[in-house]
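The chain below stands alone and is given as structure tokens, in the form predicted alone.
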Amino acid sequence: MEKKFFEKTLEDYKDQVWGCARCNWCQNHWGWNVKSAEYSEICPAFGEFRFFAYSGMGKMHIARALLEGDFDYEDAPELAEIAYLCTTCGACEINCQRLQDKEPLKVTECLRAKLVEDGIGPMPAHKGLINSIKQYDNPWMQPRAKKASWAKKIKLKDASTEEVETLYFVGCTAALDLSLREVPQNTAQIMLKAGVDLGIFGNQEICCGSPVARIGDRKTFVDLANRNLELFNKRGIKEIVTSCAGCYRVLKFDYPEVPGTSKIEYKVYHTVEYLDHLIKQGKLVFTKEIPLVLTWHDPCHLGRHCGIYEQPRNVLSSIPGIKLVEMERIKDQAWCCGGGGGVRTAFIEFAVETAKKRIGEAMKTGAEGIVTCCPFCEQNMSDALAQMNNPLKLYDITELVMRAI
């Protein structure tokens, strides 16, 4: 209990892995919420591969076997692939905590850290991502000079040299993926219209470390955490808003779990949280009606990992004309888009197939579009929609807010 998470090892979870009851709730939609057999599962990896090893329960028993010496890596050459086919969506953990008070997601992350330490992991595709972060401070092999290119036509303060009340931490994916460029542009313009004293680090912004934290490269993650915290403290940052669900989880919950880090002074908000505040304070007023029937997709790293469920629904419900219809699996029982935990990088086909299942569920609601607020969800579901030739429209929530104001 006295250890921080990023200094824990599988040994610290020995009692938990021995206590797994094999109840299978890590694989299934929580019983009280199930509405149909079609959408009664919740673990993407188990749903796709149909072997217990891929579920939260399976990885608990893999961890137990490794701790007890029941097998070694030569006995199970597929072990690394099984460990990295998990999207780290957290569905197993949210259900296990209801019943067993155990933490299969944390066990999986410690298992990955062990695989990295032992030279078994991560997957080959992840190594390119890690090298890119080390060379360019972002996972997408893009030069640092491009990090602020999205903001060329927007007058924003440079938080690395000017005093600002609110730092907009854009995140690597939203800043560098041209197909997502409107997300930071809309976010910044909305907050400026609401009178927020906003600044960015621009080319000085470095990766938060979420991708390497989730795939188990703790050394690289701790380095990024310390560099970011040093910059935040140096600039006296008190309030951070981010567009990325992964960045949000890392800045708010992971950095305090890094041993030996400096004191954290800032408050962190995801864009949807901040928009909800601005609407309630009367600083954002919607003047245009948007007559659409829409459904909301809960990003795993925003929902299950951080407990943000109602704020985006509040924002959508505040926009005139929008009718919100819900999928069967929502909030802490939502089906993952398939893009998290390094899966999209190493297993793109599985990632997109997982997204197709979510899109099928969205179609059953009769919605004209699906709305979310995570760049990984948007990348992955966009690819799935394109492969399906599906007419369902995908929106980032900031696009709708921008249109409404």
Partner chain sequence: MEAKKKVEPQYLPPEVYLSLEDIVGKEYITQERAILETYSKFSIDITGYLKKHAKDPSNIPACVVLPSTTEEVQAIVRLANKHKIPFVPFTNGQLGIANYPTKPVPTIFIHFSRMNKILEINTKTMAAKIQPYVDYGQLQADAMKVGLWNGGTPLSTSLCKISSQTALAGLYQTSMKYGTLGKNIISLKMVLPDGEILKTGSSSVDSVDDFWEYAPGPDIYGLFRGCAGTLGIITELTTKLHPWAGEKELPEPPAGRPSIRTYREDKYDHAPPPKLHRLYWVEYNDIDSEIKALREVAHSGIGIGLNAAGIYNTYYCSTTQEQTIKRTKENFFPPYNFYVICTGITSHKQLDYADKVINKIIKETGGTLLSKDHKPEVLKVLATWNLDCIRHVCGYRMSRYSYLDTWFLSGVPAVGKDAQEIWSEAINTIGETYITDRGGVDTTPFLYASDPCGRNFFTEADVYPNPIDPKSLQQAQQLMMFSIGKTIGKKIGPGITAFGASFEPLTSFFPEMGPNVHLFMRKLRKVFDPNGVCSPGRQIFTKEELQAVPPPVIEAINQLRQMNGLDPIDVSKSQ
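All values reported here derive from a predicted model rather than from experimental measurement. Residue numbers count along the first chain shown, from 1.
The discussion below concerns the form predicted together with its partner chain, not included here.
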Contact segment among 52 to 60, 355 to 363, 335 to 343, 369 to 377, judged by heavy atoms lying within 4.5 Å of its partner chain in the model of the complex: 52 to 60
Selected contact from H126, K147, R218, R249, since only one has a non-hydrogen atom within 4.5 angstroms of its partner chain in the model of the complex: R249
Heavy atom within 4.5 Å of its partner chain in the model of the complex - the one residue of N131, Q97, N233, Q281 that qualifies: Q97
Contact flag, S382 vs its partner chain in the model of the complex, heavy atom cut 4.5 Å: no
4.5 angstroms heavy atom contact with its partner chain in the model of the complex for E273: no
Close approach of K157 to its partner chain in the model of the complex, 4.5 Å, heavy atom: no
4.5 Å heavy atom contact, I397 to its partner chain in the model of the complex: no
Complete contact of D15, S40 and E74 with its partner chain in the model of the complex (any heavy atom, 4.5 Å): yes
Within 4.5 Å of its partner chain in the model of the complex: residues from 62 to 85 (heavy atom criterion): I62, R64, A65, L67, E68, G69, D70, F71, D72, E74, D75, A76, P77, E78, L79, I82
